[in-house]
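What follows is a single chain, given as structure tokens, in the form predicted alone.
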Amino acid sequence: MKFTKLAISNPVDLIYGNAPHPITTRHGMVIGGGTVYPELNFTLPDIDIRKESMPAIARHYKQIVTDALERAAELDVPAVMLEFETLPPMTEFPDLGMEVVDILLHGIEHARDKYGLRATLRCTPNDNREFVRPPVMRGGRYLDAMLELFDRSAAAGTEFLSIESVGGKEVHDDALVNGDLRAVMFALCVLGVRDMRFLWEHIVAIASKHGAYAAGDTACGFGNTAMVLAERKMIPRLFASVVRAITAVRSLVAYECGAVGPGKDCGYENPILKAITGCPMSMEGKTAACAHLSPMGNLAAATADLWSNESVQNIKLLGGMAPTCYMEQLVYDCRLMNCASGEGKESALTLRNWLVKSDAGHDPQALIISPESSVRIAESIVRSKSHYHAGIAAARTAITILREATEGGCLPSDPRETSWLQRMEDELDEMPDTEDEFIDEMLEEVDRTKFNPDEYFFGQPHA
């Protein structure tokens, strides 16, 4: 499938809780149908993950699902999603991952029977393929184990399948550190696109086989890495903002292959994808500070259909165990958005605009995913004739948005930052007209000790 027009072309309609193509779970939770629901993401405290430690690990996950869902029921939440992001050994050895999946599914069923809570599970195996250097992307035991976990999890009753895939990351990491926009484009719009297509054809087939939903990917290892480096002042924020816009081209491939959402929480490119696809999206912001800092803690909620916390360790806080405390925070945020929606579209839009305005003028990374910016970038993507050209178009549109904002006084103007706008524009002007030419050039430039072209092109870069 190629998206050639926007599902949401008016920024006014790009708003939390509403998606043109909502999803209904097996137990009647409608995601994107007018209500924002919490999505709780959780992980273990420091612990050695191996077969011998599984009894202790099992106790953690039993405690998490029992206590968090009990608190959700006490707060009158009609529905909630839990996300299980596996840790590397749990994907490498699917029996370990499945032990946790079974614990969570049992806990969800118990909460459904006891409280009438419509809970559901998203399973997100981590992508271990990069553990081989150079990464082996299209075969080998890491891929086989990951696909096995997807299959067994969906067969057991997991309703949503997601991943933070890493195709192209071996090139992208150096590109970020070097401020190399050409290499960013190669990693995301050439390598990443090819790997996404390969991987998501498998995931969509598995979901279809078991009546589950192929939910979506995220460019976390790309756009969020850029964001964290920018927060640490290691790369320019304007550069990271343009990278974010380009990541949407890569993440869109999951939907081109048949994913239907809700997009995964750490994909801050999701507002752009929502405008293109109309699929519901999960988002994270201020409640993700337990996992990473960001400059868009309020704005990220403006277009959310699920509101998430990223990932919090199961440790004791004064109020209780951390996942339970974060469930409460998510619930109250969702209540506020749903209350505004209940007052009518004008009230909902007022709150959305406040969420946007509170962040958009402080950091370009927030501005670039505002509803207005997202629609502009999305439009540039669907008008493009290839993923390569879409990446260039998304970058150009982002640069235009950022230049308008800095020159118009809507963003702080630091000469050390703003000089990057022209630098990036000059790089785009020098990009070849065709993808084939670009691939030929980049294959001469990239470090072959870190990158194996055969894992993406099978020895035929132009195929």
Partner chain sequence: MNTLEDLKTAVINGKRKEVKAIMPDLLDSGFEPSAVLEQALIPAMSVVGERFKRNEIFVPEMLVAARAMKEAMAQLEPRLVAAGIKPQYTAVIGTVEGDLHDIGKNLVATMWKGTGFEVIDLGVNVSADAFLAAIDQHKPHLVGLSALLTTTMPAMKDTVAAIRNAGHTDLKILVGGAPITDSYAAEIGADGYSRDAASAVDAARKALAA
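Being a predicted model, the structure only gives us computed values, none of them experimental. Positions refer to the first chain, counted from 1.
The following text describes the form predicted in complex with the partner chain, which does not appear among the structures shown.
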| query | Any chance all of Asp48, Arg133 and Ile235 sit within 4.5 Å of the partner chain in the predicted complex, going by non-hydrogen atoms? | reply | yes
| task | Choose from 397 to 405, 433 to 441, 23 to 31, 39 to 47 the stretch whose residues reach within 4.5 Å of the partner chain in the predicted complex, heavy atoms counted. | result | 39 to 47
| Considering Asp173, Glu379, Glu85, Glu256, which brings a non-hydrogen atom within 4.5 Å of the partner chain in the predicted complex? | Asp173
| note | Heavy atom within 4.5 Å of the partner chain in the predicted complex, from candidates Ala289, Val177, Ala155, Leu336, belongs to Val177
| Hey, in the predicted complex, does Asp67 get a heavy atom within 4.5 angstroms of the partner chain? | no
| field | Distance check, Leu229 to the partner chain in the predicted complex, heavy atom within 4.5 Å | value | yes
| query | Quick one: is Gln313 in contact with the partner chain in the predicted complex, heavy atoms, 4.5 Å cut-off? | reply | yes
| said: Under a 4.5 Å heavy atom criterion, is Glu417 part of the interface with the partner chain in the predicted complex? | reply: yes
